[in-house]
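One chain comes next, on its own, written as C-alpha cells: the form predicted alone.
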C-alpha cells in the first residue's frame, strides 16, 4: 500500500505492466469489433480507446491511486456519450426530440434510470411501462432486454459501483465537480442525502399509478442532453423547463461550487436504488479504526456524502458509497481501505483493490469503452 507520509510510492514499471497486460488484451478483444469495421475511423477510434483505457489502468497500478485515473475515463464517457447518442438520434429521426407517435409505437431508446420504476408495474400488472422495445430494432438499437441484462450482471458484482464505472451520465457532473481547485459553496447539510430515497419512493408509486415512467417524464435533468418530447403544448414546455433547470442547477452549477456530485447525491432515484445492491457485492470500502485519526479528509474527498462521523465510529461507509476510491486515496494514514467482505479489515487492502478493479475495469472497457470508441468513430469520420 502507498505511504502518503513519505514520497509518493510507485510500483515498479515491470510489475505495473504485468498487472496491466490482461486489461490491454481484454480491451483489444472487446474493441476488435469496432476496429474491424470498414474505413480508417473505426480502426483509429478503437485503437485510441484501447490505449486510453489501458493507460489509465496502468496509472492505477503504478501509483496505487484509483480515483483520479478512474475519473478521467468517467468524464470522457459522460461528455462523449451525449454526442454519440444525439448524433444517432439526428441521423435516424432528424431531431433530438421524440415525436409522440414514436413513443406510442415503442421507438424510444431505453435508459437504465427507468429500471426501478418498471418493477412494481411489472409485478402487479405484467406491463412494461417504458415506451421502448424489448428487443433491438433497426430504428431503436438500445432495447430494454439487453440493457436490463447488462445492468443486472454489473450490479450484482459492483453494487453502486455502477455509478462510478457504468453510468454514462454521472461523468458530466463529475467533470464539472473536478474543474475548480477548491469548493466555493459553504458546507451542504448532509441530511439532503436522504432526498433521493424520497424521490425513489415517490416516482415508484406515481409510475405504478400512472403506468408511465414518472421520473423520465418530469424530473430527469439528462433529457437536456439526450432526448425529450416535442414541445407542442404548455405541459411539454413545462417539462422542458424543468429538465433544463435541473440540469443547469444540479449537474453544472452546484458541482462547480461544491466539488460534489449534486444530482447523484440529492436527486437521482436510480442512485438510491443502486445503494441497495451494495449488500450483494463482494467489495467495499472500510475504515481501520486502529489507524484512523479523525482528520475528516476522507469525508471532504467523498463526492456523494457517503462518509460521515458515524462512518469513522463504525468503520463503515454509508450505504450510498459508489466505490470511486476518492476517500481511500485521500487518507494519509491508510486507514480507509479496500476490503473483501468476510475478511479481516486491513489485512490485504491492495489485493482487494486489484480484484475490485479487474472486475470494474473489465466492465468499464466493455460498456463505457465501446461507447467512447463509437462516438470517436463518428467524430473522426466527420473530420476525415
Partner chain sequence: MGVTALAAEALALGLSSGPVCLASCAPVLLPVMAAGRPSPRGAGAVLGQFLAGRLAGYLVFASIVWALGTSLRLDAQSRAWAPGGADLAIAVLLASYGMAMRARPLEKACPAGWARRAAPRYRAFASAFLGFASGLTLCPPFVAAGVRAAEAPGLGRSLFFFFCFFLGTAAWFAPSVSVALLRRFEPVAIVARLVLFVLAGYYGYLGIILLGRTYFHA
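Everything numeric here is computed off the predicted structure, so don't read it as measured data. Numbering follows the first chain given and starts at 1.
Same protein, other form: the form predicted together with its partner chain, not shown, and the subject of what follows.
By the criterion of a heavy atom within 4.5 Å, residue 146 is excluded from the residues contacting its partner chain in the predicted bound form. In the predicted bound form, its partner chain sits within 4.5 Å of a heavy atom of residue 210. Although the partner is absent here, residue 206 is a contact residue: one of its heavy atoms lies within 4.5 angstroms of its partner chain in the predicted bound form. When its partner chain is considered in the predicted bound form, residue 195 lines it closely, a heavy atom lying within 4.5 Å. Judged by heavy atoms within 4.5 Å of its partner chain in the predicted bound form, the contact stretch among the candidates 186 to 194, 148 to 156, 79 to 87, 308 to 316 is 186 to 194. Proximity to its partner chain in the predicted bound form holds for all of 202, 235 and 238, with the criterion being a heavy atom within 4.5 Å.
Between the options 112, 218, 277, 247, the residue in contact with its partner chain in the predicted bound form by a heavy atom within 4.5 angstroms is 218.
Annotation for 158 to 182: no interface residues with its partner chain in the predicted bound form [heavy atom within 4.5 Å].
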